[in-house]
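So this first bit is one chain, no partners, the form predicted on its own, shown in structure tokens.
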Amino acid sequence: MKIEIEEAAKKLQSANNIVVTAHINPDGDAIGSSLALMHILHEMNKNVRVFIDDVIPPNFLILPQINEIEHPVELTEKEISADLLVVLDTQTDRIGRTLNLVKAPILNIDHHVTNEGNNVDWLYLNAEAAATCEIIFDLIKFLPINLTENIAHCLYAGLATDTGFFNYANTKPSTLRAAAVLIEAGVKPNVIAEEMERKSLADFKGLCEVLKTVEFFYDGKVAGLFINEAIAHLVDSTEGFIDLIRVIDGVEIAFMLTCKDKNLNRVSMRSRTVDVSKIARSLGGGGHIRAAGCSINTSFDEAKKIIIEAIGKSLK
């Protein structure tokens, strides 16, 4: 059932034991919104746990109390009872083991237009928001708390990374107004930016290998990066890699295919003009008009053929 933001706030206020989660392959918005909501719920004296069923990129270790994020694979409990499971920045089909681990009504808060609210009790969706962190920022207005520095840091990290540090088309006046308030609360933009852009020597060397894989398709309108199993072991994080080919003159769609496991490959897409959410949705994924992704469960070589063909159809 779709609800308004005021109702979402009431659901949070009425629950005492809350689990917060976000999608696998977590980005800044997933991590930032989850941690921000954790801090908000702590301010409300709620019992809260955060589960993310994947590795946290090292760039985000700067965020306050990020060590409190738990990984389902490491838990000894077979089932966790809670009053509410809050799913952020995704649909339930992308939260991994958490869905079967936590038994509770589900509140889904998201900004992805492709989210249809399947298998949840309540969905608050604002596709106009630049990030789920912007929604959480708005949510604070309906809760009995004040914006703290810890909350602000988490929200700013998600807001900045999901807008390409306010360069992407999803950046709106409301986005910049929210960022200004977060800075007034104590966020230092340069510190966040430097940490998000930092790369280990190993990741830098890995990036050099990744860039060697770039290929162009459809008269140069499409550029792809291909991180097979051998190259995937060279990098801890691929954050920002796709942006290096997105800016190439003439490229309308940039995509990155990454091998995550045997017969499991993840696709990230960025676009100037094409609605890549439709491409992602056709392959079981989702996202935004200009940024979307999906998983392809087959061999890496076959996944490469599938995504190139799907992109080609969208251009026609």
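Numbering starts at 1 and runs along the sequence shown. Just so it is clear, the model here is predicted, and its values are computed rather than measured.
The same protein has a further form, the form predicted in complex with ligand AMP, not shown here; the description that follows concerns it.
Note that among 245 to 253, 51 to 59, 263 to 271, 37 to 45, the stretch whose heavy atoms approach ligand AMP to within 4.5 Å in the predicted complex is 263 to 271.
Though the partner is left out of this view, Cys259 does not reach within 4.5 Å of ligand AMP in the predicted complex, counting heavy atoms only. Ala291 belongs to the set of residues with a heavy atom inside 4.5 Å of ligand AMP in the predicted complex. Contact between His153 and ligand AMP in the predicted complex is not found at the 4.5 Å heavy atom cutoff.
Of the heavy atoms in Gly287, some are within 4.5 Å of ligand AMP in the predicted complex.
The partner is not shown here, but in the predicted complex the stretch 97 to 114 reaches within 4.5 angstroms of ligand AMP through a heavy atom at His112 alone.
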